[in-house]
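In structure tokens, one chain follows: the form predicted alone.
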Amino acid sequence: MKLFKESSIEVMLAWRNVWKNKRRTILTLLTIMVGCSMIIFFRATQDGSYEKMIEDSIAANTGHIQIHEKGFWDNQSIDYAFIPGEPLQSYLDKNSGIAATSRRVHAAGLVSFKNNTFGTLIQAVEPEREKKVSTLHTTIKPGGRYLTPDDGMRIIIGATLAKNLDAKVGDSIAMISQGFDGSIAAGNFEIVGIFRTLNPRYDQALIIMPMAQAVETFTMMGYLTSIVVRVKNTSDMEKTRDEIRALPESERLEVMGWDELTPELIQAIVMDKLFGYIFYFILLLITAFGVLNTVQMSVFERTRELGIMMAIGTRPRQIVTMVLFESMFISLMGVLLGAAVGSGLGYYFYIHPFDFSGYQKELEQFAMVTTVFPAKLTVSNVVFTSLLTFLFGVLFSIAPARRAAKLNPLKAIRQL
């Protein structure tokens, strides 16, 4: 505040100089506004898209956290099964941050119908609890239904697998696998529903059956291969995962978050963020060079005026301060406008997200599940982008400010 009072003359002169060439100042303000608002908007669409992609990816079947016997995820075998201890079960039941949990049994197998035979992944679930941790029950095609706890020898299968088998709802298919005790697990199961998740891995090979039947078919004897956890807020996943890992019995278990369960999604997001940062840096440079050009031209046009000021006793420090205040005023006004416009765009596309549902079939070819991309506007995005844009504008004006302070008064006064 003291420094501002001591520099009151420089501030006044700087404000006057900013509006000496209104057209150039307005064009510079627009450049800063567009650059700042576009960065805020693009970051909002990126953050919103990532969150939606993550949610869509884990919602169908993965869940936020999965708990397995050590070695299960690498081998995906029914041999890696465990019985959850009391501390783990108590934590899962009492933690207020956990929305729901569901137990599962996984096994590899073969299914056969007519003359068609395919390898498959069999997944046994608790139907009522499963509805709270995944959205697979919402993807059942018309004419079929989801499982109930009393279904017994009934299953639902993926749409691509049903097509490959040439099977439909009501057909009975033969299935053979290995039991937990090493015995042969086999039987004929009636298809009561066909699901279509748009995830090729699920649609091509996944079969869902009731847990009660799996206990008998696979001779599980109280064992299970995984517990799926859904947290209330995705941002709490890491905290919840770390707390589960801290439990004593977790030493023999692998507790994996969605980021470890879907590494390909994380890689895609990291790559997209990298290209995004490069694009944002280019936008920042464009806005900064706009400020640099304006301040430099302003200094050049006022060379004689600056020479006279220095001749009557104005110190170089005061010249630098005045020029920097000019860039600060221009940058600040541009940033405020940019923050307002960027926030407005971000909020609008949060309410009205980009919807590519009409291109769903085309997106399926690239294994893309998400078709609706909302923006996600955050305070940190607006503040950080605005501050960075402002700092770039001020930093790029240091060079012309120092050049102005180094003018030779006599030569500057003679400048036409």
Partner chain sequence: MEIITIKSLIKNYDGEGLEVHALRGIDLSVRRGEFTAIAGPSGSGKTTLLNLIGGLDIPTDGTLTVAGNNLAGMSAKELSDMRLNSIGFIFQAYNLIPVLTALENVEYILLLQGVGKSERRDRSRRILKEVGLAKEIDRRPKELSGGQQQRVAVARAIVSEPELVLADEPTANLDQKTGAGLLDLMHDLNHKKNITFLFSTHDRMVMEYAERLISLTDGMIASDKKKKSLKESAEKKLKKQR
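Small disclaimer: the values here were computed from a predicted structure and weren't measured. Residue numbers count along the first chain shown, from 1.
Form predicted in complex with the partner chain: not shown, discussed below.
Remark: residue 309 counts among the residues lining the partner chain in the model of the complex, judged by a heavy atom distance of 4.5 Å or less. Heavy atoms of residue 13 reach within 4.5 Å of the partner chain in the model of the complex, making it an interface residue.
Proximity of residue 399 to the partner chain in the model of the complex falls outside the 4.5 Å heavy atom cutoff.
Although the partner is absent from this view, residue 20 contacts the partner chain in the model of the complex, with a non-hydrogen atom inside 4.5 angstroms. For the options 315, 273, 239, 132, the one in contact with the partner chain in the model of the complex, meaning a heavy atom within 4.5 Å, is 315. With the partner chain omitted here, the record of contacts in the model of the complex names 299-307 of 299-307, 158-166, 83-91, 173-181, defined by a heavy atom within 4.5 Å.
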